[in-house]
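Listed next as structure tokens is one chain, alone, in the form predicted alone.
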């Protein structure tokens, strides 16, 4: 990898200052995407700003009618949290399906959504719950946060601090995993919220997206049968060595049915 300067700030203010002073710096959270990229010399940051020592970025707490999860909280903590299992069990299940134990013990919620990999699990949970992403500068609604393949609404010097998940009335997540990486070939998060039904799909397209036709169908009939009348257009879905666009379109419906069944308990 290329040479860089390493920083381990002890506070959020210090981390934000380092980003402002070093425009070519990169944030290091769990490192599961950034470190392989550096090893392959696909990125050449001037500095790495390691967020691992900032205690205020970690933790899970009940807030209002929902959960707030710190950006540096590992997936494994979400998976095993009794609070998450009690309030939004679908999020604990989602976290438990990410990678393997090594990945879940190092990878973080904030790192996942900041990177916005098209096949990551967390974007589906964030959009599916209608969550709010909190940063050092503002709050961003889930529908406005993910803007394209590996792109978000974050500014260069902006740091995710936490994500607030309103508690849905019921929710479920199901995915068809790549057998090697455990990334989602297709993953579907279904939630009935106070503001209506939300269906978020990951893995199928260049970026997480909502399946509005199914949301409308589930509003009238929240059962797996609602999926039968839905057509998923394959024209803008991903096609690669793992699955064709047509196969992914088929998987969206299969995973949606499974997610609905999980939501129904």
Partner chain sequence: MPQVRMRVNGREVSGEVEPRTLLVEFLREHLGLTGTHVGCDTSQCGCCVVHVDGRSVKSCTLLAVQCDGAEVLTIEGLARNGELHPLQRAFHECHGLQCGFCTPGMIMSALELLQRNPSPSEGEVRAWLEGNLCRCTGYHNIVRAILRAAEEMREAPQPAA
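On a predicted model such as this, the values are computed, not experimentally measured, just so you know. Numbering follows the first chain given and starts at 1.
One more form of this protein should be noted, the form predicted together with its partner chain, which is absent from this view; the next part is about it.
**Q** Heavy atom within 4.5 Å of its partner chain in the predicted complex: which of 226, 200, 197, 29?
**A** None of the other options qualify; the answer is 29.
**Q** Okay, which stretch from 96-104, 121-129, 166-174, 145-153 lines its partner chain in the predicted complex, with non-hydrogen atoms inside 4.5 Å?
**A** This holds for exactly one stretch, 96-104.
**Q** Verify the contact flag for residue 61: yes if a non-hydrogen atom of it lies within 4.5 Å of a non-hydrogen atom of its partner chain in the predicted complex, no if not.
**A** No.
**Q** Report yes if any heavy atom of residue 36 sits within 4.5 Å of a heavy atom of its partner chain in the predicted complex; otherwise report no.
**A** Flag for residue 36 set to yes.
**Q** In the predicted complex, does residue 264 have a heavy atom within 4.5 Å of its partner chain?
**A** No, residue 264 stays farther than 4.5 Å from its partner chain in the predicted complex.
**Q** Under a 4.5 Å heavy atom criterion, is residue 182 part of the interface with its partner chain in the predicted complex?
**A** Yes, residue 182 is a contact residue.
**Q** From first to last in sequence, which residues of 41-58 have any non-hydrogen atom within 4.5 angstroms of its partner chain in the predicted complex?
**A** Residues within 4.5 Å: 41, 48, 50.
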